[in-house]
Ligand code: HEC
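Below sits a lone chain in structure tokens, taken as the form predicted on its own.
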């Protein structure tokens, strides 16, 4: 399981909308429009939204929303991307194996630390794993941002939802 989480973490590198992220160019299949990351295009209304302001919700309210809405939505999204790798998708996929001890705090110690956008290390990962990078950048980040009601990252202030909301910074 840690390997799957590490692979996801390695590829979740397009923080802050870096131009280093490959574009998500749609391709057509018999099943309808599918993005180049292999996931069908989704309508925004399909994404569940937190029932309140995330920062004001209690730990129990957040946990219920995660269990009832976020995990099922993300499980479907990740399994659509790679059914075998994400067959056992669950809370620990993102929150890590020590999630309970850490009270589900993010960024997760179970995800790989990411290099800054534009760095040579980040560019290398994008070049090695363009499909996963597109998936994370074009599907996972926007969906999580929408579900939690968070603003897009403002590069000038460093405020808002980004890859670093879930992943620690590489040193």
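No experiment lies behind these values; they were computed from the predicted model shown. Positions refer to the first chain, counted from 1.
Not pictured, yet referred to below: the form predicted in complex with the ligand.
Of the heavy atoms in residue 148, some are within 4.5 Å of the ligand in the predicted complex.
Among heavy atoms of residue 120, none comes within 4.5 Å of the ligand in the predicted complex. In the predicted complex, the ligand sits within 4.5 Å of a heavy atom of residue 62.
Residue contact check for residue 50: none of its heavy atoms lie within 4.5 Å of the ligand in the predicted complex. Contacts between stretch 79-114 and the ligand, counted in the predicted complex as any heavy atom lying within 4.5 Å, involve 86, 89, 90, 91, 93, 94, 95, 103, 104, 105, 106, 111, 112, 114, listed in sequence order.
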